[in-house]
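What follows is a single chain, given as structure tokens, in the form predicted alone.
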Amino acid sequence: MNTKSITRSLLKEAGIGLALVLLVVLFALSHDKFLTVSNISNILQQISINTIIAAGMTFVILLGGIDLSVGSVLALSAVVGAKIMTEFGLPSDMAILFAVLGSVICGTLCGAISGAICEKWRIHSFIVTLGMLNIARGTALEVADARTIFGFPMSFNAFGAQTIFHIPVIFIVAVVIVIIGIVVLKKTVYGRMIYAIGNNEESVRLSGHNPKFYKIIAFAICGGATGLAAVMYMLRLNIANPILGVGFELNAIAAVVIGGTSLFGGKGSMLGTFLGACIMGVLGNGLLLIGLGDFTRQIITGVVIILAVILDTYRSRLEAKLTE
């Protein structure tokens, strides 16, 4: 492996992994409870939902798009799933199955609608998903009558509390989603098309493919992942609330960008997104343990996001030089 190959590797997952390790070491030295089993389990729980949303967001950002509606879509999907579980008098197992399907389908439809509008009228996804953010939030409030929904089946709540070797079940689900995402992006024609469209959409069109189809599917995948994240939220807290998910879109975007995916599209990986979500989770937990307040943690998180975007710009320039 030559020097250029090593440098490219360090610019990608290896560098992100190293940053995560350094962050863990820093907080472990700062607080003796950071590496306890209970706190690690807590971190894994905290990053699970963001990991799933960010996995879906990766597909959209690889295209050079963005989805600002995921927080509101999560709230709507959770409300839909909660309504199915609590108001139709179905047997527990059937209610849970239909609730999961309802949440995922709801999220998928929201994403597909946003993608279709973007492609039909050639409107940037920033504007369309900003509109969907308000539509989904308003619909969630209307459906739930602005109330918190609870009283889920005991088996549903029990499953959400389960751990395997102190690893939360919802984190295992998140890892499975990441693995599926890695396979799709690296091993399928669809994944290669996502990278190709992100790099040069016009070339894909001239080669005889229809970029619109792939882009709409990407938004649908993002919405479906958000619907699944809504189920994980209900498993974790045993409630559904129409005002939940505020700011989740920013955390997901931050995880994707910190993970090395370019906001300009065409460059990035699902593994990097996973590591980015881990960095976000470790950072939030560590800052809380050392005694920083909510406001200060928000400021630091915002600074990290801005630095990640700046780093992305320099990383793109450096990679371009290395390929010359």
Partner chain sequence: MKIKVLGAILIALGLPFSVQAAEKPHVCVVMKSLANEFWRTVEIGVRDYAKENQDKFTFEAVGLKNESDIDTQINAIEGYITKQCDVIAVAPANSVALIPSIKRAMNAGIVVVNFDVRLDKKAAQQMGLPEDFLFVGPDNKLGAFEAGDYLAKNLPKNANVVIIEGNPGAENAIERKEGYIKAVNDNNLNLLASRTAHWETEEANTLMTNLLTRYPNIQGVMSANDSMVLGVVKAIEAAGKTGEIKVVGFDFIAPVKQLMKDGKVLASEDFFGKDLAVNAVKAGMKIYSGENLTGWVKTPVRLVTSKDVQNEMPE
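Basically, rigid core = biggest C-alpha set you can superpose within 1.5 Å across the two forms. Positions refer to the first chain, counted from 1. The model shown is predicted, which means the values in this text are computed figures rather than measured ones.
Keep in mind that the form predicted in complex with the partner chain is missing from the display, and what follows is about it.
Undergrad: Candidate spot His31, Tyr233 and Gly245, all three in 4.5 Å heavy atom range of the partner chain in the predicted bound form?
TA: Contact check passed for all of His31, Tyr233 and Gly245.
Undergrad: Between the options Leu237, Ile135, Leu250, Val175, which residue brings a heavy atom to within 4.5 Å of the partner chain in the predicted bound form?
TA: That would be Leu237.
Undergrad: Given that the partner chain is left out here, which of His166, Arg192, Arg147, Arg205 has a heavy atom within 4.5 Å of it in the predicted bound form?
TA: So the residue touching the partner chain in the predicted bound form, by this definition, is Arg147.
Undergrad: Only one of these stretches, 266 to 274, 65 to 73, 279 to 287, 253 to 261, has heavy atoms within 4.5 Å of the partner chain in the predicted bound form; which one is it?
TA: Only one stretch qualifies here: 279 to 287.
Undergrad: Closest heavy atom of Ile217 to the partner chain in the predicted bound form, within 4.5 Å or not?
TA: No, Ile217 is distant from the partner.
Undergrad: With a cut-off of 4.5 Å between heavy atoms, is Leu101 one of the residues that contacts the partner chain in the predicted bound form?
TA: Heavy-atom contact with the partner chain at 4.5 Å: absent for Leu101.
Undergrad: Could you tell me if Leu26 has a non-hydrogen atom within 4.5 Å of the partner chain in the predicted bound form?
TA: Result no; Leu26 lies far from the partner chain in the predicted bound form.
Undergrad: In the predicted bound form, does Leu141 have a heavy atom within 4.5 Å of the partner chain?
TA: So Leu141 counts as contacting the partner chain.
Undergrad: With the partner chain taken in the predicted bound form, which residues across 274 to 299 come within 4.5 angstroms through any non-hydrogen atom?
TA: Counting only heavy atoms within 4.5 Å of the partner chain in the predicted bound form, the contacting residues of 274 to 299 are Gly284, Asn285, Leu288, Leu289, Ile290, Gly291, Leu292, Gly293, Asp294, Phe295, Arg297.
Undergrad: State yes or no: after fitting on the rigid core, is the Cα displacement of Gln298 between the shown form and the other one at least 2 Å?
TA: The answer is yes, as the C-alpha of Gln298 shifts between the shown form and the other one by 2 Å or more after core alignment.
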